[in-house]
Structures are given as structure tokens and as C-alpha cells.
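Take a look at this single chain, the form predicted on its own, given in C-alpha cells.
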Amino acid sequence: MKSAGLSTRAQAVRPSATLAVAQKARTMRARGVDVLSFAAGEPDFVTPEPIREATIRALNEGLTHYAPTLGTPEARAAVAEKLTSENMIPGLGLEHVAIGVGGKHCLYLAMQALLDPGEEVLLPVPSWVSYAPQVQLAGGTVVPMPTTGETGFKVSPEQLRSAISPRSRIFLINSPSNPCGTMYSPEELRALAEVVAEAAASMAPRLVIVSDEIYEKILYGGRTHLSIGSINAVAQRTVTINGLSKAYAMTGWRVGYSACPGDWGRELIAAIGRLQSQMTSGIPTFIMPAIRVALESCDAEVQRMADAFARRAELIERRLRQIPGMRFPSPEGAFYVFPDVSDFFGKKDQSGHEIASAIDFADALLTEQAMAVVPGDDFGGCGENHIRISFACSEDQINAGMDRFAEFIGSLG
């Protein structure tokens, strides 16, 4: 049978490099290879018991029917209360909150609800691999704002100001950052917010902020997180995206949420509801009670996991800095380091193949040392010279992986 073909849209979207590397590692493991994976951004902890127990109770009580598309009133109210009391975002009620199928789907829906064809999304790069495809699928245009390790992979107010045009629709920010492991200070966020407020009052009246804060609770070195949506000048034009996947070790549960205050925020959330009703409807009803339990009763468990990540961050930084040629900013949040490996381009692996890119580097590392990392090419900007190493794994695995990594670097000729 002759192929019926695919849509231009489907053909244009590239697969996630993160998931591709993780899949290759799983395939090797299935063949009996002892692969150490530092690829996927997934905590190795089990979801805290109070959250699991709340879901078991909900199942036993028969909460197995359809839920409201945007979540139960109780779950949405719990999110609104969390964002109000903890993140200091003003003017939020449950009508300003949408619960979706993970943070990724919440971001996708925000792009669909906000972008018209040709409108621009201002995106600091390197950035998470799914941002640009989501903009593309919504018909938008990415305006990349390049960053480097020397600046902590952060854009300056001047850089943002120069990138804004009358077509600017979204300034998309992720702090702490995947893949970079760095974050903006409260002072830096206030300076960026001032630029957005100025531009929105003049040349870019439709400009809004979409802030991905999924790693807000995984911070190091006494750093504090500030939600840019708490800044009065931009509060009612900031869409905050978050979820339970990372801080609560709930990646497989697929619980994300978006929020925006004010009359426009209510209008946006209603639009997201219409879109979601035609796509996924709501998440499982029996998960809804667990959202409130997670947000209201699991601070101690979250802190315990964050403390473990902090110890791992210190360990992997110490081990990496012992390896000649490793250049990277210290991890400040999330659970990634993003070293520049371009010093090794032009060298050859043990099979005699020349390493000409981060993809070659990661492939050779996986082949020769059974250690999986993510090449930085798909993250954009200077990412093509970097690899992402996730340390969301045990200290024993980090030490074993760094032994293999050092041996690999030493073998390049």
C-alpha cells in the first residue's frame, strides 16, 4: 500500500533528545549492559506516602468517574492558596487556576491559547527542548536570546529590551533552568519584569510572561525563589506554570497547573479549559485529593528530597571539577549540570571516530562507558557545545558515573 503521508506539522516536529537518549539506554540495558543513566530529569525517590495514601483512599471511596476538566474546586483552590500564600502572587482564586496533564501539557495549552501565527516568543537559550516545538505547533516564532556559561546562562535586561518588537507576545522564562541548572536572583527577575512592563505600555501591548517554575523547590546554596508573577507591575500579565512532578517525585502522576490573576487571567484560564476539553479532559478524579495533600502536608518530605539533591549537587560538582577540561557554572537549582565539552571536539574515541559535536561526545560516552547523558544540541544557542548531566540519582551512581566519565575523558586522543 502506498503511504498516505503525514501532515506538514507532524513531519516538522523533532523528537525530544532527552527521551531518545533515555530510550537508547533502556535498549542497552535490555541487552544486559550495565548502563548508568544521567539523562532523564526524574527524581529517583518514591512519591511521599501521604500522597499515595490519599489516592488509595480516593480509589476505595469510588472516585473513578470523570473530573471537571480544569480540576475539582477543592484541588484548584489548594493551588490558588499555595500560589497566594507561598509565592505571593496577588489576586488568585480557583477560577484563575487550571490543572492539566503535567507541566508540559500546561505549557502547550498556554501557547495554544496565547499565540496567533507569526507572533514572537522571546526565549533565552539554551532552554528546555520542548519550548521551541510547542511555539512552532502554535504557529508562533521563536526569537532566541543567546546566553553563555559566563553569564550563568541568563539574559540581561538590556538583551531582553533589544529583542522586544511590536510582534512580541511571550517572554518565556524558566528558573531554575533545565538544562542549565542556574537561576535568576530576585533582583534580576525584578529588572526583567521592569523591562516587560515598560514594553507592554508602549511598543508591545500584548507582551506577557510565561514563567515555568517546576524546579522552584530544588535550590542550593541558600538561594531563594521569587515568582515573577508576584511583582505588581507584571502580575496580571504573568502566567505561572508549575506542577508536582519534580519537587514531590510525582513524574508519572502527570499533575501540572497554570495560573494567572485578574480579569484577563480568568479569561485565559477559561480558554485553556475549552482547549483542554477537546484534548484530554481532566486528569484522573482519584488524583485530585492527593493534590491538596501534597501542597498542604508534605513540606517535610519535599525538604528531605531537596536536601538530598543539594548533597548530590555538591558531590557531582566536586567530582567534575577534578576532571581536566570541564567548564560549567555551579549548580544553583534543579538537578542538572551543563558542562561545555567543546575542548574535546577534534579528538578521537577508542574506536578511532572523531568527536565533532556534543552528539558525538554523548554517543561515544554511551558506547564506550555505558553512561548516558543528553547532548545539548536540541537546547539551542551554545547548547551545541554542551552536554546535560542529570544528578537525580543516588550518590553511589554519581560516583560510579564520574569514575566512568573521567576514564572516558582520559581515553580521548
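For clarity, every value in this text was computed on a predicted model and none was experimentally measured. Numbering starts at 1 and runs along the sequence shown.
Omitted from view is the form predicted in complex with a small molecule, to which the following refers.
Residues of just one listed stretch (321-329, 173-181, 337-345, 302-310) have heavy atoms within 4.5 Å of the small molecule in the predicted bound form: 173-181. The contact with the small molecule in the predicted bound form, taken as any heavy atom within 4.5 Å, belongs to Gly102 out of Gly282, Pro133, Gly149, Gly102. Out of the listed residues Phe153, Tyr215, Tyr108, Tyr248, Tyr215 is the one that sits within 4.5 Å of the small molecule in the predicted bound form by at least one heavy atom. Interface membership of His225, defined by any non-hydrogen atom within 4.5 Å of the small molecule in the predicted bound form, is ruled out.
A residue is said to contact a partner when one of its heavy atoms sits within 4.5 Å of a partner heavy atom; Arg254 meets this definition for the small molecule in the predicted bound form.
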